[in-house]
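Just the one chain here, the form predicted alone, laid out as C-alpha cells.
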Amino acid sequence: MKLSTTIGLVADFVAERFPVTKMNFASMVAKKEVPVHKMSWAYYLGGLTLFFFIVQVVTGLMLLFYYEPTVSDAHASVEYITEYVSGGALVRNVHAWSSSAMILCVIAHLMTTFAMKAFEKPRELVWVSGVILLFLAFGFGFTGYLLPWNQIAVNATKVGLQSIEEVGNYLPGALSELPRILRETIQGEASVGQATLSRFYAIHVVVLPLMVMGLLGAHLFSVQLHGMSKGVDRESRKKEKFFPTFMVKDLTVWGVVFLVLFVVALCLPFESFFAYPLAEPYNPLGSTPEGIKPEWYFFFVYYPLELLPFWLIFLVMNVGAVVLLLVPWIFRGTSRKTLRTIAIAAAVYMVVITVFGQSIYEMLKGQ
C-alpha cells in the first residue's frame, strides 16, 4: 500500500470521528442527552476523575511555593510544609489522597466504559485516549513518589528503575542494551541522585501535566462530540438533558466528594497508613528498609512479580497494554454481557490482589 493511500485512510478515519467542520458546540451541548438506566451511575466517574485532577493541579501549585527539588533540601522542605506552613499539612494530605482517588476513578471509569461497550464506533479514539490517560496517571504516581526524598521513596525508585534494566536480560542482541539506556536516561547518573530528582520533578510538574491537559482536552471534546454511549443493549426510554440537568447533578457529586476528601485529609494523615512515615530522610549509607512496597495501585503487578518469573509478568503486562489500546477492534463484536463478565473478573482481581495480596503472598511462599 502506498504511503499516500495510508495517510488518506488515516485522515478519513480521524475526520469521521472528529467532524469538526460540521460541529456547532453551543447547539451540541444544548441538544446532548444522557441515557438513564441501571448503569447510569458510571457516567459520573469520568467527571470525578476530572475533579480529582483539578484538585491535584491546584494543591500541587500550592506545594510548589515551598518545595525545593534538591537532594539536600527536598525532604526538609516537605517537612517544613507539613509542620510549619499554615494549612500545609492539610494541602499535602489533600494532594496525596486525591492522587490515589484519581487513579482509582480512572481505573473504575475504564472498567465501566469497557463493560458498557462505550468504545464502539465512532468512539474508538475516546477509548484510546482514555487508556493513555491511565498510563499517564500511573506516571504521576511513580514520579511523585520520589519527591519527598525519604528512605523508602528513594529505595523504591531504585527498585523500579532496576526492573527496567532487567528487561534487557530477556531481549536478543543489540536490543538488550535498550532497557539499560532507558534506565540511565531516566536516572540521569550512576545512581539515584540529584539528576534523578530533577528529572522526576520536571516530569511530574511540567511534562505529565502538559501531556494530560492536551490529551484530556481532546478526550473531553470527543465525548461532547459523540455524546454519552447508550451503555446497555436496549435503547433507554428515559433520558435527561446534559445541560443543565446532568451537569447540576455532576457538580453536586463534586461538592459532596470534595467535602468527604476535605474531612478525610483533615482527620487522616495519608502517611498514617504506611509503615515508613516522612520522618526518616534518605541516607545513602543507610540500609534498604525491609518489606519495601510500591503504592497500592501497583500491587496488581508487584505481588505477581514476587511469585512468578519476571519475564512472564513483563510479557503479560506488555501484551495487556497492547490489548487495552486495541480494545475497540479486538472486542468489536463482543456482547455487553461478555464484556461485563470480563470487567467484573478484572475488578475482582484488582481488589483481591490489592487488599489481600500480602496474605496471598505469605500463604503461597509458605507452601
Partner chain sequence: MIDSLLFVALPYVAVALCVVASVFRYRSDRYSYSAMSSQFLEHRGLQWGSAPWHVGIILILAGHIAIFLFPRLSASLLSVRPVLLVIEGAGIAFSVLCVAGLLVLITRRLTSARVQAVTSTMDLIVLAVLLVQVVLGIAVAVHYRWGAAWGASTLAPYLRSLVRLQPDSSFVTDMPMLVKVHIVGAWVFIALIPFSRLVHIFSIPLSYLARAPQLVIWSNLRRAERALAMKVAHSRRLFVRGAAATVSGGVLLGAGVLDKLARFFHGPALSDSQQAEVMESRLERIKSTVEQRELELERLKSDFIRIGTLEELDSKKGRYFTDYEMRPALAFRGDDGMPLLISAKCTHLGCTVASDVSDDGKILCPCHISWFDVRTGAPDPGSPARAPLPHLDWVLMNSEGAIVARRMPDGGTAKEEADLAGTSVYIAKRRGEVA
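None of the values given here were measured: they were computed from a predicted structure. Residue numbers count along the first chain shown, from 1.
Quick note: we don't show the form predicted in complex with its partner chain, though the next part is all about it.
**Q** Go through 44, 302, 331, 314 and name the one with a heavy atom inside 4.5 Å of its partner chain in the predicted bound form.
**A** Checking each option against its partner chain in the predicted bound form, the one that comes within 4.5 Å is 302.
**Q** Between the options 339, 324, 48, 62, which residue brings a heavy atom to within 4.5 Å of its partner chain in the predicted bound form?
**A** It is 62 that has a heavy atom within 4.5 Å of the partner.
**Q** Is every one of 66, 85 and 91 within 4.5 Å of its partner chain in the predicted bound form, counting heavy atoms?
**A** All three within 4.5 Å in the predicted bound form.
**Q** Choose one stretch from 155 to 163, 105 to 113, 213 to 221, 171 to 179: the one whose residues place a heavy atom within 4.5 angstroms of its partner chain in the predicted bound form.
**A** Residues of 155 to 163 come within 4.5 Å of the partner.
**Q** Would residue 290 show up as a contact with its partner chain in the predicted bound form if we use heavy atoms at 4.5 Å?
**A** So residue 290 counts as contacting its partner chain.
**Q** Spell out, yes or no, whether the shortest heavy atom distance between residue 33 and its partner chain in the predicted bound form is within 4.5 Å.
**A** It does not: once its partner chain is placed as it appears in the predicted bound form, residue 33 has no heavy atom within 4.5 Å of it.
**Q** Hey, in the predicted bound form, is residue 75 touching its partner chain, heavy atoms inside 4.5 Å?
**A** Residue 75: yes, in contact with its partner chain in the predicted bound form.
**Q** With heavy atoms only and a cut-off of 4.5 Å, decide whether residue 144 touches its partner chain in the predicted bound form.
**A** Residue 144 lies outside the contact set for its partner chain.
**Q** Who in 176 to 196 is close to its partner chain in the predicted bound form, meaning a heavy atom within 4.5 Å?
**A** Residue within 4.5 Å: 194 only.
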